[in-house]
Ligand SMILES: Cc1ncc(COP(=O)(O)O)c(C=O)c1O
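In the form predicted alone, a lone chain appears below as structure tokens.
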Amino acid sequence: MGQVPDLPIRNFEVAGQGPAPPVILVRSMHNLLNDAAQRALRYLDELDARSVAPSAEAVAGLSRFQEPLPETSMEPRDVLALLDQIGSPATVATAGSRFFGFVTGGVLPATLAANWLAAAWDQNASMVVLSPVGAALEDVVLAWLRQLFHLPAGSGGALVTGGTMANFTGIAAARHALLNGVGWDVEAQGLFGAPPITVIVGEEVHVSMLKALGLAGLGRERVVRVPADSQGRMRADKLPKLAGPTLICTQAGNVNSGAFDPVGEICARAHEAGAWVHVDGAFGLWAAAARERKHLVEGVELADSWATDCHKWLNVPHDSGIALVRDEQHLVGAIRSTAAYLVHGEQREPHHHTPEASRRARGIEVWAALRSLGRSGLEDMIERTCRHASRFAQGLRAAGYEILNNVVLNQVLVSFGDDETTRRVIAAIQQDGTCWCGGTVWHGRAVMRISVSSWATRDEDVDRSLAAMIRCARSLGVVKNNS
């Protein structure tokens, strides 16, 4: 990418005030963006050769950011150089091909490029009048996602920040519908004096769901917990008797095992009693897009609301969640806001569907991902990462280590012995830097969790990472798991 010649300074005029002050002078914008692109490309080029985790020295170097608020201006290119020099070495290589911690995807090429362009557009996606393109692409991606997930065509949707806000949005719609059904306007009157809502969750409920329940005023601790089976699936046969306003929160994709609650069976019981079923499908809902995995989500389409993340398995930049609600009127009823200065047309107004008003146009990146992949590309990415997870399980089992879950999706749980030994191996793998995996607790045992979510992971990355895991374990004297 060649350098663009320096451009003359453009001295913008402020109406009636003459030349603008120096603070808003625009200096060589082309060169600045070209410099940013060069630095970003160099960072991506070096990912494969660097440690997945940053060095202690790089992290310590972040102290250079700690300074008093500057009194004077700095050239934008110098700001960018400082950010790159101090910040880039202290990043975790989640954009690379060997990060297997949490459930974190990389960034597809089309979505990264779309993110840059969208940032230049600087769109506020709250209303059609503020961003016609943002609103149009939201409509498109919501229709595509309903098709991919096999959900009702008329379902309402919201593009939010992530799984927690997607769960919160679904819960807000449920709260609206359930209380409206017993004659209570919760948006107007709040929860003071409202009829109680019984909230039912599985024993393996995700923390984001509990956080969302707390935000919605339904409480993190006043839930009824239903026992789970050995893979973390809610047991439908253990559901309590359902009566009165009831919200049942289910999971499509256990964060540790990848297992799915029997949502269809739960919906059959729930709907007989007028209960609302919400599905936390942060990553598992994407299994619906793959022919070999879609049996896992059987019955999910019968639920009343769904939540998922696009920055997990769709591999778009972070801050991209989706909430979907079967009956759009309940979503709008819970979220809608109006004011005299707001301009509303006949089209779907995005801010009537999302908790946020002003927000970035994240639908641009979701559109770029789905348009670049197509149905077949998305299916291939899902299946490929699941096959990588199976290869990890096979390789570690063959080396003598214990796999604790049925590897049905992209999650693998492995024990290297007792809890302390497993923790030591995890620390050694993270220190080694070839790959990065995190720890968790599964049925009271400390285990290592491998989450394969990145489009960039190749067979050779799995082989290289497996070798590093086994090498680290053996360096600590862990030759074979005796459990």
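Because the structure is a prediction, the values reported are computed rather than measured. In case it trips you up, residue 1 is the first one in the sequence shown, and so on.
Although not depicted, the form predicted together with this ligand is the subject of the following passage.
In the predicted complex, this ligand lies within 4.5 Å of some heavy atom of V103. In the predicted complex, this ligand stays beyond 4.5 Å of every heavy atom belonging to H351. Although the partner is absent here, F283 lies within 4.5 Å of this ligand in the predicted complex, judged by heavy atoms. The closest non-hydrogen atom of G253 lies within 4.5 Å of this ligand in the predicted complex. Just one listed stretch, out of 235-243, 358-366, 155-163, 391-399, contacts this ligand in the predicted complex at the 4.5 Å heavy atom level, and that stretch is 155-163. Of the listed positions (N405, S208, S126, Q123), a single one reaches within 4.5 angstroms of this ligand by any non-hydrogen atom in the predicted complex, namely S208. Contact residues in stretch 301-325 (any heavy atom within 4.5 Å of this ligand, taken in the predicted complex) are D309, H311, K312.
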